[in-house]
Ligand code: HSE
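Quick heads-up: it's one chain on its own, the form predicted on its own, in structure tokens.
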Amino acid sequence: MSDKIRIGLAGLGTVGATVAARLLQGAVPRAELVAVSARDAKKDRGVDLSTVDFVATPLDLASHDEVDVVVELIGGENGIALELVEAALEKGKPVVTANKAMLAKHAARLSDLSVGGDVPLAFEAAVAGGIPVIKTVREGLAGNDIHRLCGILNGTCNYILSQMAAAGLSFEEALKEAQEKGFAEADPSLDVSGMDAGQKLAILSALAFGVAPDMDNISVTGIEAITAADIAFAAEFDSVIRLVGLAERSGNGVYHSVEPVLVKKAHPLAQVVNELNAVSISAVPLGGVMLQGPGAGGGATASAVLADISDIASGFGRPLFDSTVAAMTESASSNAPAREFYIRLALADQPGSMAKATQILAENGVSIEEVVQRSSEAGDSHLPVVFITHQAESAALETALAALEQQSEICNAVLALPVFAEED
């Protein structure tokens, strides 16, 4: 028997082909690629696979006599990817995956198989691309009490928002450019809706706080409603717009959100541009640490997959969650903390519109700190107006916005974004 662990790889897309090539080049000395599975055995992927066994059905890798470790790079929260991972774990074979959707959806089941059988399930590539954030939370911060975790977890959204600011592009133009450069899928809905970042946040929160990954407990808002005007208004408040995921523990449980927020230009998260990701962690006794690196692209994901393979080959593999986290608790808090907000309205160009809008906000407990109003141009019936509020409860803001939306004679196009709050 070989003294190397023998790898069975399912999925030969951009990431899988890179992983295969690196393994065949000996990039992980203790690992050997012996079998692969993909839809088309004849497709040219730029890597010579003539020395490995091509398996037609991915599920057969779990029972393959020559495979010690299964690497799942098929994707999808259900279907063959889930079946393969479950089958491998049931047979006691370690698994490496980049599949955040599957982990977020089926954490309880996979945790039972992995922890119960003491079988490693490695998933560094599932969160933040090439940034070793899983290893940092699980190992680097062992012994710390993590109380806040936030960051930019989706390279596609960050690229779009960065280019809207840097090049003055519309959302549609920036999205098209991201697709052309390979930072966005042909169907970008999972990314721009915020769901991709939400799945990653669910996984990180499970590790940091021991709460069950549950997308129903995460407030998710995407970036589809962000306009070039919002980008320009944010700049007038010395800010940029970023899609930020937040998991924060309080006396009521753990609050989770993924949403576009205004971030002051001086804040480190504002400096994270294009396809980069970043994760900021606050813990005791460490204090704070921020990790940054490529979050989109095949190279970043392949790097994380190879690191997981190396760990397992070196005997450092571990179950999906620690035994103390296996019996995970539910996220207990669905109430957002009080925050400042950016509110953009299109107010009717008529006397009393501004006064009526501010009155409605005040009656619902939302007070104004700053205002920016555009001058009218010929033919304009409504003028863009932006408010920055003092701290307000989310429930109060929602009530105020609902009241404003009923005032069709004075305003339309209502949008509200939180202002990113640094930790106290």
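Don't overthink the numbering: it's just position in the shown sequence, from 1. Remember, predicted model here, so these are calculated numbers, not experimental data.
A second form of this protein, the form predicted in complex with this ligand, is not displayed here; the remarks below concern that form.
In plain terms, the part of the chain that comes close to this ligand in the model of the complex, with a heavy atom within 4.5 Å, is 183-191 out of 183-191, 140-148, 237-245, 256-264. Listed residues L73, L320, V305, L153 were compared with this ligand in the model of the complex; L153 is the one with a heavy atom within 4.5 Å. Of the residues K93, R249, K100, R344, just one reaches this ligand in the model of the complex with a heavy atom at 4.5 Å or closer; this is K100. In the model of the complex, no heavy atom of E124 sits within 4.5 Å of this ligand. Contact annotation: G295 falls within 4.5 Å of this ligand in the model of the complex, judged by heavy atom distances.
For the partner-free chain shown, nothing in 31-57 comes within 4.5 angstroms of this ligand in the model of the complex, judged by any non-hydrogen atom.
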